[in-house]
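Given next, in structure tokens, is a single chain: the form predicted alone.
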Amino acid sequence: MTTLLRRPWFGPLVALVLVYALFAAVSPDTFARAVNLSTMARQTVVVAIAAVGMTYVIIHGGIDLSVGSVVAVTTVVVAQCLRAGYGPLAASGIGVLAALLAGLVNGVLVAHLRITPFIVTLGTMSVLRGAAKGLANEQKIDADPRGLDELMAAVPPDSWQLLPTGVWIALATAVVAAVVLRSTVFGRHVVAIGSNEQTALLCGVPVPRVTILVYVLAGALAGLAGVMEFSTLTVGDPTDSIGLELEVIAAVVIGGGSLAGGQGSIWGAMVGALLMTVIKTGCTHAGVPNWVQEILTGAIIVIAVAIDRFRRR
């Protein structure tokens, strides 16, 4: 039991259960229905997938503020590729590749120019947002999704699938990322650098290479999240996902990630993402105004960081 209590995801999981029970009691006729559970799972996918990549970045001791812009660029690239006649798989691959290249730029700037990750990704956030608007001529791009919309479509009641394909992709991504983080040399290097970069260097850890790989991974996963966002919207929108990076960072921190580096949990980040979705959906079902929801979201972020500082002490 003591070991369980020390798990970084245990506290957020307890909070998730309590919050869900609260809203289920307040709005039992709508909130606790199976269709609402599936809807909340779908609404969590984009943040959850991006949070997996952000977990690596934060454990490494960095930050990535360009996630929302990367998602927007991906939706635009996917839409343009579909309009150009590419198949859904090729269009998705090109979109993820574009996001991966954005992550590569972030990683190279942080690793080799030794620029603070906050400044680098703040700059690329603006650059990528402008690039998305330029590629789209500052308007939404309509395109035939050619089946990509099925990734996030609601599952029929009689289907064996239970959850949409996008949800299963998010879960599979989390499983692979958790195994890599816990059971590979790369994962141990990420934790070592976040815990103490100078010590990691003295121990022979290739810090620049690992740093670049971390940001490349985060970019690729943000691209995958962008594909899921396109599946939801079925348009390329250069103004989409503004502020998404804050939700993603909040999910990681709520799930036990430390902004000081060296600590974090893939499953904690997934629970954190789901917790925020449950709160938003529950507030909507309970008739809570949007401005109150925004206050609650901000308060949750501050409380999560405060708990992190208390835990570290």
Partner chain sequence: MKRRTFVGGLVLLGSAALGCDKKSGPTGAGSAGGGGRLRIAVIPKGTTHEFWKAVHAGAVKAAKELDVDVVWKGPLKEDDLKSQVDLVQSFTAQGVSGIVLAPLNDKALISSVKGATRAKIPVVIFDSALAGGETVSFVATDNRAAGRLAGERMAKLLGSDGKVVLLRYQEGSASTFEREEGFLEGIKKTPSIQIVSDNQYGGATTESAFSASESLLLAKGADKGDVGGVFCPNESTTFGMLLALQKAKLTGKVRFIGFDASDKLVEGVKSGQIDALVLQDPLGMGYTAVKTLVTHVRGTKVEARIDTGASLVDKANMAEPKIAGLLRPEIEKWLGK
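What you are looking at is a predicted structure, and each value in this text was computed from that prediction instead of being measured. Positions refer to the first chain, counted from 1.
Not pictured, yet referred to below: the form predicted together with its partner chain.
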item	value
Contact test in the predicted complex: residue 126 vs its partner chain, heavy atoms, 4.5 Å	no
Residue 35: touches its partner chain in the predicted complex, heavy atom cutoff 4.5 angstroms	yes
Residue 237: touches its partner chain in the predicted complex, heavy atom cutoff 4.5 angstroms	yes
Its partner chain contact at residue 176 in the predicted complex, heavy atom, 4.5 Å	no
Position in contact with its partner chain when the complex is considered in the predicted complex, options 65, 275, 59, 250, heavy atoms within 4.5 Å	275
In the predicted complex, the residue from 80, 195, 165, 232 that sits within 4.5 Å of its partner chain by heavy atoms	232
Partner-facing stretch of 133-141, 208-216, 96-104, 167-175, counted where any non-hydrogen atom is within 4.5 angstroms of its partner chain in the predicted complex	133-141
Partner contacts in the predicted complex for 167-188 (non-hydrogen atom within 4.5 angstroms of its partner chain)	none
